[in-house]
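Listed next as C-alpha cells is one chain, alone, in the form predicted alone.
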Amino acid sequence: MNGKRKRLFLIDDDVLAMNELKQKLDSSTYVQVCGEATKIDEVWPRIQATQPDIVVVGSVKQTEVGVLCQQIRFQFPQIMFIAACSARELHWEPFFRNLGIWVLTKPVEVSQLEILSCQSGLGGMHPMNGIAATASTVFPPPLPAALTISETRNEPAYPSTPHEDKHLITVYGPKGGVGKTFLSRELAIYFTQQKKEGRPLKVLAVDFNLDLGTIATSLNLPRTPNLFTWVKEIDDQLAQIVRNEGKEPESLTHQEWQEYTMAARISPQDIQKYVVIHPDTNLHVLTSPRDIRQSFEIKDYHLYLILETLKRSDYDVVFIDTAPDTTDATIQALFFAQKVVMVGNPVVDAIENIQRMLKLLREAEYPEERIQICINRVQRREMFTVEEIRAYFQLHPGKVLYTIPDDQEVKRSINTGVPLMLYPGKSAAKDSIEALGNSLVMTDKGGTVEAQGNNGKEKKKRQPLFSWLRKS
C-alpha cells in the first residue's frame, strides 16, 4: 500500500446505504472516501475533481451500471470499478465480471473493499472470479519475450477500448446447424476482398467453438498451429515466472493464475505465430484445437487474455465464430464484440432459442444496437413470415432483420470447401451476405446498406403462428 490510502468514490442513489458505508470506512487504514454522487449529472465533474483510485457503484435508477462504468473507464482507464449489488441483482454478476467490474453483495464490508484495494495496484486487472479476491497481491517480474506485466496504475494492462477502425464481430447462433460457421467464413472472405482508403483489409477469423469447431475444415486448412498452441505458450511463460518467484506452478490455485494472467499483456504481433493462412484470399485463421481433449485445458483467463490481445491487434476486422451454447468462451466473445451477428433458421426451435437469448441480453441491458439478426436458409414458402418472426423477437420497427435464401450454390460451397464469395457470378445468397456485411463495416465500397427487413418479399398477411410458443 506504500502507506497511502486508496481514494474511494461512491455512486448510489440510496443515501442511507451510502452513509452507512461511509461511517464504516472512517476507521479504515487502507481506503478513504474522497467523493460521492447520488445523481448521474454529479458523477463526471466530481470524479474529474477527486481523481479516485476506485469507484463503487450501487443502485442508479437513471442508467445501467455496466454502461456507466464503461463510460467512466473510457476517460479514466486507471480506475477500478466495483458494483455493489443487492441480493436480487446478483444474477447480473457474470455480465459485470465480463465487463471488467468486480461484484460485491450489499451490505458491503470494509474488509472486502480493503482486499480489493490491493488489487487496484495491478493496473487494469479485470475480475474473473467475482469477489474471490485475495489479500496478498502478486506482482510478477517482467515476463520474457511477448508477455509482460504492467505494474503501474497509470499504465493499465489493457486499453479500455479498441482503436476506432477496429471491428471485432462475434457470430453466434443459439442452436447448432443453423449455418453460423458458414456465415462466419463467408463474411470473413467477403471482407478480404474489400478495401478501406485504397488498402485491402486485413481480416482474421477465430474459431471459438473450442471442442468441435470446423472453420479450418470448411476452408480445407490445417489445424496446426491453433488456439491451444497459443495457450500452451502462455502457460509456459507464466510458469517460468512463477518458478522465478520460488513457487511451484502446480501449487497455484485458479484464482492465483487469474491474478498473474489478468495483469499480463501479450504483444499483438505474436498472433502471427498461431494463425494459418488461406492461400486464395490471404484470410488469417486462428483455428480451434486439433484434439477435443485439449479444449478442456483452455481456461477463462486464457480466453480473456487472447480476446484482449485480438482487440489490440492490427487486424481491421476480426470475426469470432462461437459454439451454440452459453459457456464462458461464448459469453466473453459476446461481451468483447462491437457487433454481434445472431444466426438462426426459420424453424421453431431456432427461433425460440434466439428469442430466449434476446430476452436474457435485454435483461442484462446489453446494447441491442450491437446485434444484427440473420435468418438463414429462407425458402420461398416458409411456415413463418418475416413479419411474424420480427414480432416474436419484439424488434424495434427500424431494426433490419436480415435473411439469406436457401440456395443450391450454398450446399455446393459447403461440400467442396470453396467459399461462396469466390464463386463467379451472382447468386441470391451471395447478394444477401454482402448486404449483411455492408451493414457491419464501412469500406470503400460504400456506407451501411439499408436492406429491407424482408428483402422486399413476403408482404402478404398470414395467420399468426407463434401463439403456441411459450414466451416466458
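Numbering starts at 1 and follows the sequence shown. Remember, it's a predicted structure, so these values are computed and weren't measured experimentally.
Keep in mind that the form predicted together with a small molecule is not shown, yet the notes after this line are about it.
- Remark: of stretches 390-398, 371-379, 188-196, 304-312, the one touching the small molecule in the predicted bound form is 371-379 (heavy atom within 4.5 Å).
- The contact with the small molecule in the predicted bound form, taken as any heavy atom within 4.5 Å, belongs to 181 out of 181, 170, 288, 117.
- Only one of 42, 406, 64, 444 comes within 4.5 Å of the small molecule in the predicted bound form through a heavy atom, and that residue is 406.
- Interface membership of residue 46, defined by any non-hydrogen atom within 4.5 Å of the small molecule in the predicted bound form, is ruled out.
- By the criterion of a heavy atom within 4.5 Å, residue 414 is counted among the residues contacting the small molecule in the predicted bound form.
- The closest heavy atom approach of residue 202 to the small molecule in the predicted bound form falls outside 4.5 Å.
- Residue contact check for residue 410: one or more of its heavy atoms lie within 4.5 Å of the small molecule in the predicted bound form.
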